[in-house]
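Single chain ahead, written as structure tokens, the form predicted alone.
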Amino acid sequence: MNKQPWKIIVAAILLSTGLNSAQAADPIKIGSFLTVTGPASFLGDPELKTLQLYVESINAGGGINGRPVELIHYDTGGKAQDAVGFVKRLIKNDNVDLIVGGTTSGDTLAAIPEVEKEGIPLVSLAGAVDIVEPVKKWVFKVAHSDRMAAAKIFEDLRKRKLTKVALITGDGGFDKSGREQLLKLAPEYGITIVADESYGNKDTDITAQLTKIRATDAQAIINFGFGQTPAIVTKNIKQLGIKLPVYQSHGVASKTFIDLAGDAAEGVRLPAAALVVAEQLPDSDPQKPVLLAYKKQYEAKYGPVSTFGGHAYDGLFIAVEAVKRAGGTDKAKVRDQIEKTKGFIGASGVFNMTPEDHMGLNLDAFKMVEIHNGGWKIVE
């Protein structure tokens, strides 16, 4: 009798048993809504790639407490109304255990009421301070806030003894929130706002507004915005022959901005996460090994890192560590553990959250950087 077929059958049974055992562990479902297409795609694209990269890595290592991780993602295209619809779908149809996203402040702020109503942990990757102030029970964020960015810029202006500033901002949620923080903080730093111009985030020429700024006695220009338009602003400043120091927000801390602005970007300063200058950090900096490891793993697969992908790294692993400490995916327990995050060394800084602080970063998490020879240089 030929016994070979029985060997095949036994092997198939064993394989099936193994698969059933692996499938018996319900996946931990992480939902995400990011802006992977549209004007803010250079933010959302590295965020999604980071989530996919590390979910794959986590699963290759056995998952979380033996459970695989399933990432369920929707692309908002930067449309706040779509973000709300996707968040509803993640919660009610996909039955996710927690959410990491969205990319933009507008998307996140629109989705918050649904998250709070349904009681599900959300770790936002967006910048507006309004996301966590006042504190919302179920909402956290990992990106540096617009208030921090304003303070960091004003600190640098004070060091340079520059007190008269022209503002120019876009019409998006992030831009408007940043403008509000700049106006609010200016008196604390002895800064006088001598111009306050704005543009539409789909505009292709900003020379009219910049011509008005040129006619003032401004000593520096601050452009608070994200997407492609800040690069247009930067190029228009050069084209008009304006020689003032130019500051951008952390919303353009990406090689994409440098590529879009070209040689006009030379000398522009902005607050940014340490990720863009990881190699320049001293070896004593606790973030350095974390940043270099993330940079190596990401760039091996996708090319140059950006601070926005770093936010996704932080959001994912703060959530993952919370699930581990909670011993499962009970939403209230996971929420409580996110709030208890202490000493987490991430790409954006060292996080220490509290019931009163659902971000957990201080101003030291920002580095003031200058664009120099098509790259980043620490200037402090």
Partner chain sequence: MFEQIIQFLATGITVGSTYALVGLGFALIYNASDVVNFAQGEFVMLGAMLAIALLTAGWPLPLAAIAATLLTVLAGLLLERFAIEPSAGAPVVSTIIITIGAAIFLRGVALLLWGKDFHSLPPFSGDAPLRLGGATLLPQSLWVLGMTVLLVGLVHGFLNRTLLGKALLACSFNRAAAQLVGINVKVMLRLAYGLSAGLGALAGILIAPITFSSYEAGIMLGLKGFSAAIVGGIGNPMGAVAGGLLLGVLESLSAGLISSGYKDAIAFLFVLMVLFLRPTGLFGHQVAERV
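Numbering follows the first chain given and starts at 1. The shown structure was predicted, so the numbers you read here are calculated from the model rather than taken from an experiment.
Keep in mind the form predicted together with its partner chain is missing from the figure; the text below concerns it.
Screening 230 to 238, 288 to 296, 269 to 277, 153 to 161 for residues having heavy atoms within 4.5 Å of its partner chain in the predicted bound form returns a single hit, 230 to 238. Though the partner is left out of this view, E188 does not reach within 4.5 Å of its partner chain in the predicted bound form, counting heavy atoms only. Its partner chain in the predicted bound form is approached by P39, whose closest heavy atom lies within 4.5 angstroms of it. Mapping the unseen interface onto this chain, E116 falls outside it, with no heavy atom inside 4.5 Å of its partner chain in the predicted bound form. Heavy atoms of E133 never reach within 4.5 Å of its partner chain in the predicted bound form, leaving it off the interface.
Along 206 to 239, residues T207, A208, Q209, T211, K212, R214, A215, Q228, A231, I232, K235, K238, Q239 each place a heavy atom within 4.5 Å of its partner chain in the predicted bound form.
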